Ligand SMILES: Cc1cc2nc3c(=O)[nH]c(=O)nc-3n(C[C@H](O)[C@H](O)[C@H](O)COP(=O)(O)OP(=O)(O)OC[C@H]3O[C@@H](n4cnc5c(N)ncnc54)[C@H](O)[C@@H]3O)c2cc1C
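Taking the form predicted on its own, here's one chain by itself in structure tokens.
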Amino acid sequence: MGFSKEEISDKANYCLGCKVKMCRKGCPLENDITQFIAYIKEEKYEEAYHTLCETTVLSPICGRICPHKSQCEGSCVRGIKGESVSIGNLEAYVGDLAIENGYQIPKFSEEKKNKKVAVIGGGPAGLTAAANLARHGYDVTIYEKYDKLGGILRHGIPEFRLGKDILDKQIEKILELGIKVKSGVALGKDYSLEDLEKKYDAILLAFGANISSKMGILGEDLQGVYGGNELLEKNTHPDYTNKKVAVIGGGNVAMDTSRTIKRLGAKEVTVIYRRAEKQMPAEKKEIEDAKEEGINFLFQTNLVKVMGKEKVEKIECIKTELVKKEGETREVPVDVVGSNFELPMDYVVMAVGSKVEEKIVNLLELELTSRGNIKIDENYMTSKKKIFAAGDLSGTKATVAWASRSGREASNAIMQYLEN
């Protein structure tokens, strides 16, 4: 992270070591933040790492990319009257030290269980679940469609936010727990769910939901309209040189795609979001970084249609006003009649949400929710016995920490199922 030992010491000593750990309550993974920082104060870095390992196996990653200001740091007591403790920086520092010094992820049990579990998908949910199961002695195999594990960490988060060298080294550390990997194999092509059901005692579906949602507007099928998730995942971009690009949405995918596109030479990148800036789900730091990098923002603006003969030539937008409606927990955007305007545009990128790939869902023959996610019960089990689901696939909040927590909780449920 580029901090000296003295700087890290100063950041750690700024922590009050509260008895009531509000920061821990703000962390989706419930990391024992005050305890790992207490160890940093004493320069007991391996103990600090092992404290983090009680709840997470992704510390150098989460320390870099989590939306800390809306999670742990946002709940920090010091933040009430001043700056919050730099929890993310401290977590990343300890995670990096673990990689450099070879600290091991401790096992919870040395006893080998005679049970086999397949985890489909090597993203944050799958990696966390596989690690938790392996740490308890289960025989775990991850099935991954790409050559390398990482999921959204590798194919959804740009290099400028998460270096792939850090990711590779942390995955290697996780695999040292004895996890087997079958990479370059796709569900429905190289193997089926039925194949796995014959070989394994339990199966966890954790392959994410990375198909960009559409708005259902006119012109959405023109050449030059892309999905933000697909651009980040496949990293196959058109030539943006001297082009104008509109990115629709207000989450981290919108920030990552807009910043990536700007770096690839676009003349002008404009993020269009139908609500106010304060309502953007993207991390505040990511929004500020995007602004500093020259990204334009149009708030309280909605895309009406994309125009052009065969490819994108311009877009029509409309201004919105925020109205508090009965039964709604927050103000909703309502179009301002007559406020339509047009903008010349070369490309449009949709970053308004994501969904599970329909073809794969149909292959699974599992019950779905009204939103198209795989339906799970309170124990993460799907409508088929011994098949579980976690992460975006099951509708988990779309952050790495929440996906990771989902994987951890699902793996706990699998262990409970296997031992009953």
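One rule holds for the numbers: they count along the sequence shown, beginning at 1. This one's a predicted model, so the numbers in the text were calculated from it and none came from an experiment.
Not on display, but discussed next: the form predicted together with this ligand.
- Residues of just one listed stretch (302-310, 84-92, 229-237, 337-345) have heavy atoms within 4.5 Å of this ligand in the model of the complex: 229-237.
- For the options 218, 77, 186, 322, the one in contact with this ligand in the model of the complex, meaning a heavy atom within 4.5 Å, is 186.
- None of the heavy atoms of residue 250 is located within 4.5 Å of this ligand in the model of the complex.
- When this ligand is considered in the model of the complex, residue 256 lines it closely, a heavy atom lying within 4.5 Å.
- Put simply, residue 145 is close to this ligand in the model of the complex: some heavy atom of it is within 4.5 Å.
- Looking at residue 26, you'd find every heavy atom of it more than 4.5 angstroms from this ligand in the model of the complex.
- Of the residues in 108-131, those that come within 4.5 Å of this ligand in the model of the complex through at least one heavy atom are, in sequence order, 120, 121, 122, 123, 124, 125, 126.
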